[in-house]
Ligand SMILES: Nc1ncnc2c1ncn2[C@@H]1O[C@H](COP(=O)(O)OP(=O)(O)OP(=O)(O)O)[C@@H](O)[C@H]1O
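Next up: just one chain, as structure tokens, the form predicted alone.
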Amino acid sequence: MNEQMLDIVDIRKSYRVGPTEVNVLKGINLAVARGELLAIIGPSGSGKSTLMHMLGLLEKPDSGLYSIDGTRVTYDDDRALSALRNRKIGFVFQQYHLLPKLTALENVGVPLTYRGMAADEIRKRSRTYLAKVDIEYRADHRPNEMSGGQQQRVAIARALVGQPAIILADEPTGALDQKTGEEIMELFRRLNREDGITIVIITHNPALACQCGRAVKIIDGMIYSA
């Protein structure tokens, strides 16, 4: 079994801003082991959001190699890329991105609808993952009926429901108060510890990074050991 969940080699990305080309990622090399809880920490403008997009298959690098769960990523087939993203990656964002007209149960099931899964199976699995993150009692509530911490638990359940190879979390406690943020981090640690889920957390918060098994820094588009 491949022990590397993610392996990126010399990933580069630049953007053109008017007449100027801005180099955002300058040859990123990073390996993430299966079952690891990793923090990528960096200040605003360091390139961490762009790196998150690369890891999540949301953007194409200018050059470099990327493998996820033993599969070499190619970018010439958008449909295949979307399918790989759906199967392999679960996302958790700072602002939750729950659909306002759907209940918690329905929000969790959204990734499974793209797999053509039967509705009964979607509901059953969604309820199981709501229970896993201790929010099943809110299954029939819509986002505006839940607190920020409750919404983030629903978002984590949605990330998990497809049983992805890896969870990518972008500032997952950034919109929460300190106590609720600590509860969400403890949830990530429990999922990593008990279920062996590989989790990468993108953050600017050193205190959050210290709670992960390993942390690396991204500064000016390059990765350094923390």
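Remember, it's a predicted structure, so these values are computed and weren't measured experimentally. Numbers for residues come from their place in the sequence shown, where the first is 1.
Although not depicted, the form predicted together with the ligand is the subject of the following passage.
The shortest heavy atom separation between Ser44 and the ligand in the model of the complex is within 4.5 Å. Within this chain, Asp69 is remote from the site of the ligand in the model of the complex, having no heavy atom within 4.5 Å. Val24 belongs to the set of residues with a heavy atom inside 4.5 Å of the ligand in the model of the complex.
Although the partner is absent here, Asn29 sits far enough away that none of its heavy atoms falls within 4.5 Å of the ligand in the model of the complex.
Distance criterion of 4.5 Å from any heavy atom to the ligand in the model of the complex singles out His204 from the list Arg12, Lys217, Arg214, His204.
In plain terms, the part of the chain that comes close to the ligand in the model of the complex, with a heavy atom within 4.5 Å, is 48 to 56 out of 48 to 56, 184 to 192, 61 to 69, 158 to 166. For the stretch 90 to 122, the set of residues having any non-hydrogen atom within 4.5 angstroms of the ligand in the model of the complex is empty.
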